[in-house]
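Shown here is one chain on its own, the form predicted on its own, set out as structure tokens.
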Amino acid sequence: METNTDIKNIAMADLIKKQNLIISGPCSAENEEQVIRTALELKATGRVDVLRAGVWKPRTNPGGFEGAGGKALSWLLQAKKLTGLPTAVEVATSKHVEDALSFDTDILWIGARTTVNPFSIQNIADALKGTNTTVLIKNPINPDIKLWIGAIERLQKVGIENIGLIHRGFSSYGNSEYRNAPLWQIPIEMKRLFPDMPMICDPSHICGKKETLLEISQKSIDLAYSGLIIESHCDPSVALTDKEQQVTPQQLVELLDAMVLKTISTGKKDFVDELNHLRAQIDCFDDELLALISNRMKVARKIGEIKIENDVTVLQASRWNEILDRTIKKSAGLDLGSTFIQSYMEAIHIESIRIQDSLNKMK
């Protein structure tokens, strides 16, 4: 006989598979008034499926607001009663799991800092054993696909079946266009490995700012993600955490209205789906190749500057032969033809010479 908990878990499992699912709410639950007001405004939009809020906030540096803690769960429960929206919170320990479930939280998500730690994942998995709660797993903070897969496997091993994935980007050293680099090829590979598992994009944490939310949201939908998790606050200007990336409920509506939902119509759906999946991977790899080549050319330019300072010729034949030989040898085990590699490296070399030669002309 199905219990109320069983019915809820089934409903949540179906919900996270909904196409164009929208999860939204404040980065942090700061006080009861803020949570209730934000929830009511989000409900009024008619566009939000799940209310999210951070209760326990792992911050990079000490001294910042680290969440209101367990007392905020009662605020979320009250918001749920007022709006009818299911609730979702992040958990990082077994105690978080216990507390969240005791306040009828519908969906739990595991943050990037937790996914990176197998001990923490196992601790959460043990606490969830026998519940079949719906769990969303964010990618690990570093680009390690095996850790992401390992988190899934640990939860599955204790009987958790209702699992979804959240792509929130990956930390990278140095300046970047995004707060966390998307590295689209990694979630795309996860979609290939787990085709029945919903993939939800978290543009808020990828972007770190409002200005690029539409771009990342649209790209994720173009890549057939199930939905979005976007941070929304009734008044972002006074938010205690991540105010730069949060939007008001009205701004959320404007963002969603600006998106273009695309469909594909052909006679062979499986063929088209697979073709688009592979093309998406190629597009992402091409974007990364361009970025890598650009960085390589920046280094080539610096080498050119040093050569000019020391009156050294641009062309260094011995160095070029060394690069070519090493690259061809490394490519032997990568199923890449030596002719292709030589042509590719020659194009790179010619561009490097062009850049360095242009410095001479500017001298």
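The first residue of the shown sequence is 1; numbering continues from there. Here the structure is a predicted model, which means the values were calculated and not measured.
Only in words, not in the display: the form predicted in complex with a small molecule, which the text now covers.
message: Can you work out which of Arg113, Arg192, Lys209, Lys129 has a heavy atom no more than 4.5 Å from the small molecule in the predicted complex?
response: None of the others qualify; the residue that does is Arg113.
message: Based on heavy atom distances of 4.5 Å or less, which listed stretch (200 to 208, 147 to 155, 184 to 192, 281 to 289) is in contact with the small molecule in the predicted complex?
response: Going through the listed ranges, the match is 200 to 208.
query: Does the 4.5 Å heavy atom contact test between His96 and the small molecule in the predicted complex come out positive?
result: Outside the cut-off, so no.
message: Taking the small molecule as it sits in the predicted complex, is Val35 near enough to touch it, meaning that at least one heavy atom pair lies within 4.5 angstroms?
response: The answer is no: Val35 has no heavy atom within 4.5 Å of the small molecule.
field: Interface membership of Arg168, the small molecule in the predicted complex, 4.5 Å heavy atom rule
entry: Yes, Arg168 sits close enough to the small molecule in the predicted complex that at least one of its heavy atoms falls within 4.5 Å.
field: Asp106, heavy atom within 4.5 angstroms of the small molecule in the predicted complex
entry: Judged by the heavy-atom cut-off of 4.5 Å, Asp106 is well away from the small molecule in the predicted complex.
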